[in-house]
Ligand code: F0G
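The chain that follows stands alone, in the form predicted on its own, written as structure tokens.
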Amino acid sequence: MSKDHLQQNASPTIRFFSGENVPLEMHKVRVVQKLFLPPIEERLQAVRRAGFNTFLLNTREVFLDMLTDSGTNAMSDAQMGAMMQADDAYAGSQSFARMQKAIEDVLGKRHVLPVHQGRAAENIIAQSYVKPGNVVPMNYHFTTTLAHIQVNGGKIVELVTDEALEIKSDNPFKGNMDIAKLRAVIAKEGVANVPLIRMEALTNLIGGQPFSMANLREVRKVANEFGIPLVLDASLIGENAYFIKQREAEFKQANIADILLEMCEQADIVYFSSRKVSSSRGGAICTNDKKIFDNMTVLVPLYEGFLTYGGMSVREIEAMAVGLRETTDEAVIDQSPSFIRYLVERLGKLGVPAVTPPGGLGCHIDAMGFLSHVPQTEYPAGALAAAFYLISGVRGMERGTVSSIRDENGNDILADVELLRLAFPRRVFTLSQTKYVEDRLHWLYTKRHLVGGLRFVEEPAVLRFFVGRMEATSDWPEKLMAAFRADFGDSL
């Protein structure tokens, strides 16, 4: 696929008379929420109190919250209206029936198990399939997926191509699974020891990168050949479908709805977090195989709730149903990728290193390229997240070695990439706010030599990036604050 085809503009991007390509919001704002931008001195106190972990910041201490797109997407008027018709029955709710119909129409799956969020779906799938010693091939892992598989005695193997880990690339589908590697894993481990194959749309930890339909079909062929179930993490399936339409020649004229149906048709099990799909809480496990459905059904009442609410409120179920249908609307799906593309391209012109091609979850800054003087053992992505919050009030998220784990000897398993993720929830940020992010990143890049590393002072054994606390390895935060004051004076 040519580079020109990869970089073609999506429909809502408008060429201004000045020649600049600018993403155009295809919605109007009718409900607003007040933001706060505390002075940098207060931000320094806040990040110290949070142990240099942006997860532990209070939202009153945050200006733009780009930590995640999970549960932070803007709700549509249709979603808000649907929530008012919720059927509060414990069992047999009509709200569930409407959600079930939306899943069948949009994802093509008849049997639905509701859960309270995506990691709950991972728990049920892992308990149903993963046994001690099992190996689960996937294009790339997600943190909670890895934890659930390990808790059940299994291990993962990541099978993206080597090029997928290159920061700068023209490869339109860095989320593709390497088919030769997949066959090699099955041959080595034995079919009986591979309980399922997992594909993630999009690959969160390497920059929100998509896989192609052609690659998904090839994975399906291998799964069929060996009789191994194919599981699709569809939490960002709308964005993956959008990239297939934009970047895969076969689907240039296709609509998003048809692409979604074909993607899900390839999988035996589809699960998702509606915190990403529709901004409501909740999620679901979906299949057309009654045997698979029955095998997992018993675990939903045990861990989640009854089979027609699964730990969700019925209002959230109604919002999910509408959100799923809105996922077929390209104008809805395009919002985040177009803003991400805009920011990545602007940063590229300024020399700020970011993952390319732009993905569908957020703008991912290459922390090792940004802070090449900070050793990976001192968590450059975590340091960059803390430094960027300090000088901007923008809360991003570390996606690197802090998000990794330690080996049996207590040593860090260094991440393949060190990224600062700046998430773009759907229809939340304005262009001026995006340009503010660009400006502050540019300034920080010119002062990058001032930023130092971090070390853990409180470290939980599992998912340490959520609640672990760190400290700076030197007085670099004070030096960075002094440089900010020298250049910006009394400006926040």
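What you see is a predicted model; the values in this text were computed from it and never measured. The first residue of the sequence shown is number 1, and the count goes up from there.
Quick note: we don't show the form predicted together with this ligand, though the next part is all about it.
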Site check Glu398, Phe456 and Thr473: each within 4.5 Å of this ligand in the model of the complex by heavy atom: no
Contacting member of Asp334, Glu418, Glu318, Glu122, with respect to this ligand in the model of the complex [4.5 Å, heavy atom]: Glu122
In the model of the complex, the one of Tyr342, Phe251, Phe142, Tyr129 near this ligand [non-hydrogen atom within 4.5 angstroms]: Phe142
Contact label in the model of the complex: Gln433 to this ligand, heavy atom within 4.5 Å: no
Arg325: touches this ligand in the model of the complex, heavy atom cutoff 4.5 angstroms: no
Partner proximity in the model of the complex: Gln45 to this ligand, non-hydrogen atom cutoff 4.5 Å: no
Interface membership of Arg247, this ligand in the model of the complex, 4.5 Å heavy atom rule: no
Segment assignment from 267-275, 76-84, 149-157, 348-356: heavy atom within 4.5 Å of this ligand in the model of the complex: 267-275
In the model of the complex: members of 146-167 within 4.5 Å of this ligand, any heavy atom: none
